[in-house]
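Take a look at this single chain, the form predicted alone, given in structure tokens.
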């Protein structure tokens, strides 16, 4: 019987140093990366082309292995850079003093006329008016304390991102974002402000403490489309360890919006939709409209039965059928790009999950295996990792393969 194995999900990372700095539900467990590295001790230079929160990079750096991280999302690129950086005592001391100054400023200033809040649509679904005021005060104080970018400010911005999601009404317990009903809250603004400030200080202290441990390996984080992987300046990669967006995930923007709006990476819903359209597996906002008229042109997927799968989904939703079709066309383009930057004998490891759309099960792992073979990889292997926390037939797999030696 296949088990759910929470230790192979993001939950395992939450209390493990830098790995717990910010939750992203699709993130995979550090155990997956560690096991791959332990089983393949010859690995020296890793690529993660869907790097997300930088899990692969941190594990590689902890094991003195060089790694390049690639992501198209500017917020995730910023966050991964903060996560894999080495911090001097001066940086940590500045962050420590900043926490104290920010909390003292917010606690003693009763009115701020120039508070700013992000232009998130229907923002009061995310935060009550009182909570929004307190968060805006902290953000104002943080930028007043650190008016220009710095390592200390980066660490406290990570703490602030934790804070805004902890005090939001958002619920990320299923595929469609929902909001909790907090209409019966009884706390006063004063009580809640003190609680929020204490939690900000606590989160910041935890982040600063984890940042004290230096990382050994060199990690570079690049903002680029994973369908166009640039050739590395220092040779070729001998390993890929990654977990692309799953077909039924359909949007990273969904979960990242609060952070991206607060830190200025998004200013409008249209920007969010445009970024999602550029990414593989995005359907947010305007991306949905564009999917309705998308055409594969001359590109096709050679997996037996693929056209029938798309046809079955299109009977219920042409938009979803186009989404699934475009997803695999994009993954094929990505794998071709990856193949070109790998050294002979390099191994690749893709963590993927199968998906169901209406009554049609999409064998994602088998399609990935087919795409890898189509692009010239050999020794393709598919192994079940765990059962996912959803329908019984949905599983997570590791699809591995090797570039020929010559």
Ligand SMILES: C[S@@+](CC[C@H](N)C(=O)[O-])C[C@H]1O[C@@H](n2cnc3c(N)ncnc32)[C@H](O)[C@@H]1O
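Since this is a predicted model, take the numbers as computed values, not measurements. Numbering follows the first chain given and starts at 1.
As for the form predicted together with this ligand, it is not shown, yet the points below apply to it.
Undergrad: Since the partner isn't included here, can you check whether this ligand sits close to all of 71, 76 and 243 in the predicted complex (heavy atom within 4.5 Å for each)?
TA: The answer is yes; 71, 76 and 243 each reach this ligand.
Undergrad: Indicate whether this ligand has at least one heavy atom within 4.5 Å of a heavy atom of residue 81 in the predicted complex.
TA: Contact check for residue 81: no, nothing within 4.5 Å of this ligand in the predicted complex.
Undergrad: Should residue 225 be counted as a contact of this ligand in the predicted complex, where contact means heavy atoms within 4.5 Å?
TA: Yes, contact at 4.5 Å.
Undergrad: Check residue 52 for me: does it contact this ligand in the predicted complex (non-hydrogen atoms, 4.5 angstroms)?
TA: So residue 52 counts as contacting this ligand.
Undergrad: Is there a non-hydrogen atom of residue 195 within 4.5 angstroms of a non-hydrogen atom of this ligand in the predicted complex?
TA: Taking the distances in the predicted complex, the answer for residue 195 is no, it never comes within 4.5 Å of this ligand.
Undergrad: Which pick from 315, 86, 278, 124 sits with a heavy atom within 4.5 Å of this ligand in the predicted complex?
TA: Checking each option against this ligand in the predicted complex, the one that comes within 4.5 Å is 278.
Undergrad: Of the options 377, 368, 28, 349, which one has a non-hydrogen atom that comes within 4.5 Å of this ligand in the predicted complex?
TA: Exactly one listed residue reaches within 4.5 Å, namely 28.
Undergrad: Where does this ligand sit in the predicted complex: which of 87-95, 226-234, 211-219, 149-157, heavy atoms within 4.5 Å?
TA: Single hit among the candidates: 226-234.
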